[in-house]
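Single chain ahead, written as structure tokens, the form predicted on its own.
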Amino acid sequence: MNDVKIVDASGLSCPQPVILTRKAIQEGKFPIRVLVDTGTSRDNVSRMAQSQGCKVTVEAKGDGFVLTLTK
């Protein structure tokens, strides 16, 4: 299996997590795992990823979220 691309956006406020995730999507290496620590970042990244044609699964981890993006 391919290496998983990790985007660690923990502690960053929007729009930073969305920008980092969009850049990772444009690189085209999937799956992408995005780490965020707020519900707002989770929702914004999910919405943007879905608009780019990605399937998004969300998992609560500790005090944050792990979003896994696949094509």
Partner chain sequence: MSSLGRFFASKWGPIITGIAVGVLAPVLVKLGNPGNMGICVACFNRDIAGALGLHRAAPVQYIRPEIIGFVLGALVAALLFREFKPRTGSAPLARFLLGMFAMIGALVFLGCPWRAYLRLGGGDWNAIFGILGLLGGIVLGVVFLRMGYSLGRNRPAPAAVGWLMPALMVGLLLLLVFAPQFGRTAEGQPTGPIFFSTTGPGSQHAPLLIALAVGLLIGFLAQRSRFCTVGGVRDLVLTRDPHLFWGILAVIVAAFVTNLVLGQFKPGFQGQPVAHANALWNFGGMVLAGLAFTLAGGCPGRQLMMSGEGDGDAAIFALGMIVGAGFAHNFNLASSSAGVSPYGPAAVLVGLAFCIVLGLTMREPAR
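Positions refer to the first chain, counted from 1. Being a predicted model, the structure only gives us computed values, none of them experimental.
What comes next is about the form predicted in complex with its partner chain, which does not appear here.
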Residue-level contact is defined here as any heavy atom of the residue lying within 4.5 Å of its partner chain in the model of the complex; does Gly28 satisfy this criterion? no
Verify the contact flag for Arg47: yes if a non-hydrogen atom of it lies within 4.5 Å of a non-hydrogen atom of its partner chain in the model of the complex, no if not. yes
Can Asp63 be called a contact residue for its partner chain in the model of the complex at 4.5 Å between heavy atoms? yes
Any non-hydrogen atom of Cys54 within 4.5 angstroms of its partner chain in the model of the complex: no
Just to make sure I understand: among 14-41, which residues lie within 4.5 Å of its partner chain in the model of the complex, judging by heavy atoms? Cys14, Pro15, Gln16, Val18, Ile19, Arg22, Asp37, Thr38, Gly39, Thr40
